[in-house]
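In structure tokens, the next block holds one chain alone, the form predicted on its own.
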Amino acid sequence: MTDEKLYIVLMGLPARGKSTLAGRLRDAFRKDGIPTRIFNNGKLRRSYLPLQETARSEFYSPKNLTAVELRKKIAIMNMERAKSYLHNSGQIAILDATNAGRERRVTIEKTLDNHPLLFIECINDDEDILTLSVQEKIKLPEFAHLKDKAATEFLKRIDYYRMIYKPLKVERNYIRIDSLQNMIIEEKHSDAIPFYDRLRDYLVTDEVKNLFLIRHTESEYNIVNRIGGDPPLTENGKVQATSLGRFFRKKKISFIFTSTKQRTIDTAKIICEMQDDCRIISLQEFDEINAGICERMTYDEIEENMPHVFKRRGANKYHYVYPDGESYETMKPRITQGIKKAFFLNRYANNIMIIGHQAVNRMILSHFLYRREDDVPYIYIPQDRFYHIVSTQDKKLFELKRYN
């Protein structure tokens, strides 16, 4: 047991992943035997003030001087609790709050001056993720009485924080991180920071607790070997989807991510009907490879009518770009972005599912499994099985399982 101690102070606009990051860091440090505790301003505020008061956006207006003073008192109270924790048995105190303005951060620096202090700024401006994150935030009891106005009030709260927001720059020690990509944008450490290498490694690690990767069930194009398009499921495909739903009925699936294509959405709907609280999120990033001028053709038709296309793609399947379409290689950035979005929302849940397509699922698997590029287009993606994937700091699991 080392006697090193550290304050980690999170900052960033609401719904940027601060609290989830705080939880990840706490759990990771505790697994390493380092006593760590989170001090969340919002949780403390809700325990002292009426929820009807703290949910209103006007409570966060810089012009509401009474509320400004109340929030400052709560913040100082939390700082003192964190200081007391490190004075005793604690080694890492994580302060979880917006801390958007430089004035608040000066107070933190002056109050927590007895141990090294590191600021971490969470940045994420992806509109899809912001919308979905806000929808998760307003499920909290704090917003129940606002009903349909909850999202509007929360977005107004973000606007008020934006008015005073100052990015990290003059602070002695900080990390600015893209919380969607798990990518460090900028870092500065003027002082020796305990656990720094370990902390930095945690920040850039993609984590998914339980991902079930499924190919959509049988579509009308599958039975005639036709590619692309937007065909519906066959009757057999609906039976397969029902079997999937029954298989996963006892597992709580919080999110099912699909492409925007009918066959993935219809598969998801059947599974979702057997869940208690499940949301389907359709992302263009997971759309099947665009076959361009070959869309809706069979491979036999391509070989007969476009032999040059058939031959060239067969010789270099990963890199070959369909005329007016895509290749596996050009799909990679959008597939990676889709994975990042799914992982970000996985932080709100233990189990998520992606229902994709053959080429898409090959690319997703290649994100986890080492494969030479030339081998990626041949990864086995059956319709009667699924991949179960766990990828955390200390555990990697890949298994192909039957559901029927």
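The first residue of the sequence shown is number 1, and the count goes up from there. None of these values were measured; they are calculated from a predicted model.
Below: the form predicted in complex with a small molecule, not depicted.
Shown here without its partner, the chain carries Gly228, Lys317 and Tyr328, all of which come within 4.5 Å of the small molecule in the predicted bound form through at least one heavy atom. Listed stretches are 358 to 366, 63 to 71, 42 to 50, 28 to 36; the contact stretch with the small molecule in the predicted bound form is 358 to 366, by a heavy atom cutoff of 4.5 Å.
Interface residue among Asn222, Gln135, Ser282, Gln181, judged by heavy atoms within 4.5 Å of the small molecule in the predicted bound form: Asn222. The partner is absent here; in the predicted bound form, the one residue of Asp96, Glu218, Glu121, Glu288 having a heavy atom within 4.5 Å of the small molecule is Glu288. Taking non-hydrogen atoms only, Arg157 never approaches the small molecule to within 4.5 angstroms in the predicted bound form. In the predicted bound form, Pro377 approaches the small molecule with a heavy atom inside 4.5 Å. Though the partner is left out of this view, Lys261 does not reach within 4.5 Å of the small molecule in the predicted bound form, counting heavy atoms only. Though the partner is left out of this view, Arg313 does reach within 4.5 Å of the small molecule in the predicted bound form, counting heavy atoms only.
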